[in-house]
Structure formats: C-alpha cells, structure tokens
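Presented below, as structure tokens, is a lone chain in the form predicted on its own.
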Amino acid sequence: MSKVNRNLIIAIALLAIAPFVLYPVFLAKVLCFALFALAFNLLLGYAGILSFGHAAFLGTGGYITGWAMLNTGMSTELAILLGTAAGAALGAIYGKLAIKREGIYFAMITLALAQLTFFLYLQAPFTGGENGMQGIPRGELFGFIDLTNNLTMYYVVALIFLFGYAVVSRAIHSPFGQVLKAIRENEPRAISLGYDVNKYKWVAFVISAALSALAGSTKTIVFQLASLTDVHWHMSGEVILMTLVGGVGTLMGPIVGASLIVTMQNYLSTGEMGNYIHIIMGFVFVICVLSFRNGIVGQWNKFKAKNF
C-alpha cells in the first residue's frame, strides 16, 4: 500500500470516529472553514495571488442557499449546488475585473469588490439585513437522508469536505497546477513559454470562488443561518490567517490552520477570555510569523526533510 493511500485511509478513519469524541456541529464548522481555507490556499499558495475579498464568495454561497431553502422548496443538495454556482459566477465576474492587476493592486480591487458585495447584501430585502436569514431548514438530502440529526449532518459535511479536498489535490497535481506553480515562481518566464497567464489565474480564481461558496452553502445548512458576518472583510482576514498559520502552499496547512483558529474562537470566546480573543489570535499569528515562517505544516515538512 502506498504512503498516499495509507494516509487517506487514516484520514477517513479519523473523520469517521471524530463525532463520537467531539461535538458533531463543532466538527462540521471546522470542516467548513477548512474547505474555505483550502480554496483560498489554491489561489495564494499555488498561484501566488493574494485576495482580500474571498468572504464575498463564502457569503454568497450561504445567502443563495438559504434563500432557496426558505422560498423555493428546493431540495438541500440542489440548494447547495445553486449557492456554489452563484459563488462561481460571482468569482468569474470579479476575476475578470481583477486578474489583470498584480500584487497590492489586485488585493485592493478584490477588497473593494467584496465591500461592494457586503453593502449590497446589507441593503437587499431578501437577506434580512443585519438580522440575517434565520430558521433555514436543513431539509433532506436526496429526499430520504434526514439532516436534522447532527451526526448525519456531520457525515454529509465530511463527504463534501473530502470532495473539495480531492478537487484541490487533483488541481495542484495536474499539468494545470504545475503551470500555476510556474506562474507563482516566475511569471515572466511562464509568459515567455507561451502560457496565457491571465487565463490560468482566472480559472484558478473561479475554482477557488466555487469551493469557497460550497463551504458557505454547507455552513448555512449546518447552522441554519446566513448572516453578514460571512461576507464581512473580517472573514477574508480570518481565512488569510488560517492559511498563513497552517502553512501556505501545502495541502494540510489550511486544514491545520482552520482547525486551530476555529478551536481557539470556540473555546476561548466564552467567559473573561472572550474579551481578549482577538489579542490572543494576533499573538499566535505573530509567533507563527516570527518562528514558523512557513506555517506549522510547512515547518514540520522542513524538519522532516532535514532529519529523516
């Protein structure tokens, strides 16, 4: 058995037994944000593009899925697909507007577009404004899988996460992924070799937006809520933090980073520590940047390569 297959079997086994050790809804939240961070890392870690507006796609997926479940009687799987498609379409439009710019200019354009999206959702009548969409039904998957059960909901989220992980893994290990890495390392050289750099970056942007929307759609079903928090620029900052802490340009890094940040938010936000949660997160970020320049997973990979 190859090392990759063995690690995959271990990962699936851990996902299977995890809800019997920890609260399933908490684990589902971790997986949703891990998928979001994986999607963002495809753009930052492999194409070298920093977006400050990825919350727009997370929130769009959530709002469209919530609206479909509340107003159309659509089945859960179709509502999630609709939210994902809406996020991909928005990513296609925003990507076309921003992808020809580089560096800080690209980042600022994505931030401006995300803020535009935020204010649209704030004023739109179907979103509920500051109150958000509440009481979104979980429904039944394929007409017979009852998602009101938290354990069942967790396993559905786990399957969605594994699908997203497989998409990202396949993308970065394909010729498409190799071109993205070439663009990240030396864009002028990639252009000189005849690659349409903007086209490759745009496709990566759309894939990343679609997976982000899938994470947002799934999160909305889990918590039966879609709110402005998911589309606020703070959320774009959080996914950057998750990716950098875990390790940019690694498959496991965003998962580790998302798990750490969500766990800190969940367990430190109650009681007196809740007043200092952002200070604590900032402190952890500073430590990681100063001591683990490649993130937790990146540093571990370097240590393994050096000592084993």
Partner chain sequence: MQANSSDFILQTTDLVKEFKGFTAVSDVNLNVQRGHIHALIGPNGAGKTTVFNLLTKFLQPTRGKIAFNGKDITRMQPAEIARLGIIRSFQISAVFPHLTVLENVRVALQRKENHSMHFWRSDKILNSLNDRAHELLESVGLGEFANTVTTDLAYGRKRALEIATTLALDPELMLLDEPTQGMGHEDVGRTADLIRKVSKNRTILMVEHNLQVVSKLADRITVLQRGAILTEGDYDTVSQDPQVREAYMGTEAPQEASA
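The structure displayed is predicted, hence computed values, not measured ones. Residue numbers count along the first chain shown, from 1.
Separately, the form predicted in complex with the partner chain exists; it is not shown, and the next lines address it.
Trainee: Heavy atoms within 4.5 Å of the partner chain in the model of the complex: which stretch in 234 to 242, 185 to 193, 215 to 223, 124 to 132 meets that?
Mentor: Comparing against the partner chain in the model of the complex, the contact stretch is 185 to 193.
Trainee: In the model of the complex, which of the listed residues (L78, A171, A158, L113) lies with a heavy atom within 4.5 Å of the partner chain?
Mentor: Of L78, A171, A158, L113, the residue with a heavy atom within 4.5 Å of the partner chain in the model of the complex is A171.
Trainee: Between the options I207, A92, L147, L228, which residue brings a heavy atom to within 4.5 Å of the partner chain in the model of the complex?
Mentor: Exactly one listed residue reaches within 4.5 Å, namely I207.
Trainee: Any chance R138 has a heavy atom within 4.5 Å of the partner chain in the model of the complex?
Mentor: No - in the model of the complex, heavy atoms of R138 and the partner chain never come within 4.5 Å of each other.
Trainee: Quick one: does K199 come within 4.5 Å of the partner chain in the model of the complex, counting heavy atoms only?
Mentor: Output for K199 is yes: heavy atoms within 4.5 Å of the partner chain.
Trainee: Just to confirm, Q178 within 4.5 Å of the partner chain in the model of the complex by heavy atoms?
Mentor: Close contact exists here: in the model of the complex, Q178 approaches the partner chain to within 4.5 Å, heavy atoms only.
Trainee: Give a yes/no on whether L162 approaches the partner chain to within 4.5 Å in the model of the complex, heavy atoms considered.
Mentor: No - in the model of the complex, heavy atoms of L162 and the partner chain never come within 4.5 Å of each other.
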